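In structure tokens, one chain follows: the form predicted on its own.
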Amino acid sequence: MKRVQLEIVLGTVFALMSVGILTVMAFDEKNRLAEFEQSQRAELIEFGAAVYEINCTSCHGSHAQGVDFVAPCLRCEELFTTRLEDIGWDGGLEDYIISVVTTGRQISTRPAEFVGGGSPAMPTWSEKLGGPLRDDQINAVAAFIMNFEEWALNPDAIPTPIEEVAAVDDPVARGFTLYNQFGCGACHTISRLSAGIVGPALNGIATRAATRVDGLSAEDYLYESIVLPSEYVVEDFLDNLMPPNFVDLLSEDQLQDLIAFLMTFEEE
């Protein structure tokens, strides 16, 4: 084989090898970019979960399961199937969530079902409108909520909305967990813990509860207020705002744990 022919053959081989290598790299790059995007989305969802835990659990529940008569479930089928049609939103669901979180709700769109956490029904969260959250935090919360779609559309895969409280020895600690999990702070104020205004403030409730109803101890009054909320309505507050179904949602032991937690708040 002449030198020129050998160079042509080797050049062709190297060219074919280069094309092959570039083709393999191109496929690998596509997979690498997909993996990178998936990783970035996972980090955004994780960030959104942290933002949600700090800012949203009091109204929407610790597992986005919603709080009866306060705020809707954010991990249920209705949000992912019919909500946009119901309110006439033409865009995508994630953009809708971002819009709602950004501007809040002056009044509830479903007042018969959810009154919200106060007035307005849902606060403005964007710092551009006077709220506490940056755009990246709002986008992260939206990504976190969108992550529930797979479970929402496959009910058999949904974890129990409210997990059992960890088996700890301290009933006050268990009661504190229940207070947060069941969204009590959406309606009630406790200094440095929650800032709800729909229901009475609970600072000093252990002292006041003993004076509310003749013949009822503080513990009995708190018990009755949870399971039969219309039996005694605190002055200046409306009846039927306290959900009447906590007697069904909480076991007897959980009720006692929640009362033990509330009994730690005495008048100073």
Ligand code: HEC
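Note that the structure is a prediction, hence the values are computed from the model and not measured. For every residue, the number given is its place in the sequence shown, counted from 1.
Below, we refer to the form predicted in complex with heme C, which is not included among the displayed structures.
Visitor: I'd like to check something about M122: if you look in the model of the complex, is any of its heavy atoms closer than or equal to 4.5 Å to a heavy atom of heme C?
Guide: Yes, M122 is a contact residue.
Visitor: Taking 4.5 angstroms as the cut-off for heavy atoms, does A64 touch heme C in the model of the complex?
Guide: Contact with heme C, no.
Visitor: With the partner left out of view, is V233 within 4.5 angstroms of heme C in the model of the complex by any non-hydrogen atom?
Guide: Yes, V233 sits close enough to heme C in the model of the complex that at least one of its heavy atoms falls within 4.5 Å.
Visitor: Within a 4.5 Å heavy atom cut-off, is A49 in contact with heme C in the model of the complex?
Guide: Residue-level check for A49: no, no contact with heme C.
Visitor: Within 198 to 230, which residues have a heavy atom closer than or equal to 4.5 Å from heme C in the model of the complex?
Guide: Result: V198, G199, P200, L202, I205, R208, R212, Y221, L222, S225, I226, P229.
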